[in-house]
Structure formats: C-alpha cells, structure tokens
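Let's start with one chain on its own, the form predicted on its own, as structure tokens.
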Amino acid sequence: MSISTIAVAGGGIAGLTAALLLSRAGFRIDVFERAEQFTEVGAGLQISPNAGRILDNLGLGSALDAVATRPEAIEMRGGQSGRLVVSLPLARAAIRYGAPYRLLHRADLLEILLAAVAADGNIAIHLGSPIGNIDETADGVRFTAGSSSRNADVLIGADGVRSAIRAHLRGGPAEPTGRTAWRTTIPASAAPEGIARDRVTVFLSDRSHVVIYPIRGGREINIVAIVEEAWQSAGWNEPGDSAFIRQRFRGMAADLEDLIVAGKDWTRWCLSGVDANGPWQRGRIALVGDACHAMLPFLAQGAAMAIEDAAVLTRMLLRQGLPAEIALERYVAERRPRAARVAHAARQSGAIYHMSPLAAPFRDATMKALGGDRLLARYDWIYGWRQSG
C-alpha cells in the first residue's frame, strides 16, 4: 500500500516529534489533539543524548541550547546526611555519546516542537479533536476527530498513558505503581546555597528520593520528590498539600529540608505504568511513547523512548515496497525489547534508590567502589543508542 497521509493522535512531545520526522520523510501529517489549546503540564525534563541526537538531526539543537542547561554531573547524596555518595560525570557527554545531556522545562520543549511544526507545510494541527469511532478499512483507517469524519492511510497513537488508541487495540488501562511524584519549581535565587545549580542532584532516602536540577537556562530549580504511597486521582494530577510533603522530608539533610520548605505550589501525580508487552499495533494502527510503554521516571527516559519510537517508526515506513502493516510490525519488533528493558531498569533503579536504612550503607559502599565513570558506563546502552540501518 502506498502511504500518503498519516494521522497522529496526540499533540504532546511524542506526537509532535513523530509528526516532524514523518513530514521530513515526505508524508502528509494531520495531528489531532483533544485539548482546545496546547498546554504542557509538569515541569522539568531531562533529554539524554540518545533522544537529543534525534532532535539535533531535526535542526532543533540551537533552539534547545537556548533554553537548556548542560549538567556537569549527576550526584547521588544521602537523604539524611547530605553527603556525596558518587558523582557520574556528564560534562563530556557530547563527546562520549555524540550529543549533549540537556535539562529543560517541558513547556520549552513543547514550544520548540510547535514552532517547527508551524513552519512545516506538510503538517496540520487540529485542536479540540479527540479521535473516536475507529474503523480499519481495506485501504486505511476511518475515524472521527471531534465532529468530523476523517480517513488516513496510517493512524499513530501518541495519546499518552490513558490512550484511547490503546483501548481500541484492546490494551488494558495504565496500572498505578504505588508511587507518587510531587513536583514544583522555584526561582534559583530561592534555593539554599548548598543546592548545586549546574548538575542533577539525587537525594536517596527510605522509600523516597528527591531529584533536583536547573531549568530555564538556570533561572529556576526543578524539584521532584518521589514517595511510596497508595494514592490515585481521577485526573492526571491534583494540587499537593505542602504540609504533607514538608512533614514527609522533615529531619532530612538541612539543604534538602530547606529546599522542600521553599517549594510552594506542589502538584501531586500518580505514577502509572503501561506494560510494554501489551498491544502496540494492529494493521495500520500503531502506538508510540507512553501509550504503549509508560514507565517509572527513575532513569529519566520516558520522553527519550517516545522520541526514539518516532525515529524507528519513520525509518520503517520509509522502506520501499514494504506494506504499511508489515512496516508497523517491524517497528514494534525492534522497539518493544528496548522499551521493556529500559522500563525494567527504571524499576530496578527505584528499588535501589528506596532501600531501607539497613541496606542503604551497602548500596552506598558499592556505588563508591564502582565510581562515577564506571557507573555512567553502565548506561552506555541507553545513552549511546543509535538507529540501525
């Protein structure tokens, strides 16, 4: 089947990256976003070299560098003592992996992607257009988008954790992981002096950890506190109780406790996962990103995996003489094992970060013995990823 038009459900990072890559490959793209306007919830985002390389190849590197920070290191510290456990050197990431490690605000990345989409004559955006009534036909996919009837040769579901396209493929709902993420940002000037402004700092504690790093070119500090608790919300998130999160981290290292107190507008998120071994594709319909493999954020790879998905999907659809159905099957065959492996590694990292006070000294001693360079090398398979031919 000759592919001309591709519909993308979802106008987030996954959907817009897929649209740009597919358009550059010569396809005509319609992006259908259920929201009436673009807003990016959340705050900080880490773009590691495996994903940054793809964005750089789209010509977005300069725009990213204008709003991002390149961290010197990832530092692991004791939550109560504040003492350095180990430092993973990232300053040479661009040399080691062929692209830099970047820290930025989600809204800044979304704005960059939207600007690139707006300049691309092959991409049309349709807001307030949730996709429904999907019918797989002999020559494509028919569906409704808002109140309109539409047709496309291929439908890509980039509609996130609560994906309607995954539901059409008979995939199950996202499952709560028993962890929540408490997120806020503060001006860098409001952070304690002991909090580094040029790196990612991770404070490790019993059944919790806190990740801190600069965004907005260093003007703001992003704070994410991960807590083990059985909480769910009917929506994506809800305002968090500052008193709760302050009490949860009372008695921690002075800089960490002061930082938590400095946070004012907390948002509480239920961290949910989507099993990468569930359905990704049927016929001319396929999923990318969180819609098929939402994972815990403990390796900061959620957005990166979606960006990788989009690149491999585009490569498969470009193969001459390959029917769309087969191209999508091959996309899944290549991507599923990697996404499942990264998701598993993220779960393992969470278990390591949240060790009990009895086990933590052994963890810390092992990290120190390995050293930052050897620990970073353990992630070469993630950060050094490149597409095959």
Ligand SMILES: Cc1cc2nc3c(=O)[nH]c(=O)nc-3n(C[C@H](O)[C@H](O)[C@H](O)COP(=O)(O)OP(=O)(O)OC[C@H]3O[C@@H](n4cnc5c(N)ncnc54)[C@H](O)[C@@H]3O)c2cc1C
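Just so it is clear, the structure is predicted and the values come from calculations on it, not from any experiment. The first residue of the shown sequence is 1; numbering continues from there.
The same protein has a further form, the form predicted in complex with the ligand, not shown here; the description that follows concerns it.
- Looking at the ligand in the predicted complex, residues Pro49, Val332 and Arg386 place no heavy atom within 4.5 Å of it.
- Residues of just one listed stretch (69 to 77, 179 to 187, 245 to 253, 114 to 122) have heavy atoms within 4.5 Å of the ligand in the predicted complex: 179 to 187.
- Of the candidates Ile221, Val154, Ile131, Val200, Ile131 is the one whose heavy atoms come within 4.5 Å of the ligand in the predicted complex; the others do not.
- Residue contact with the ligand in the predicted complex: Ile13 places a heavy atom within 4.5 Å of it.
- When the ligand is considered in the predicted complex, Pro100 lies well away from it, no heavy atom lying within 4.5 Å.
- Contact annotation for Tyr213: at least one heavy atom lies within 4.5 Å of the ligand in the predicted complex.
- The ligand is not drawn, but in the predicted complex it has no heavy atom within 4.5 Å of Ala286.
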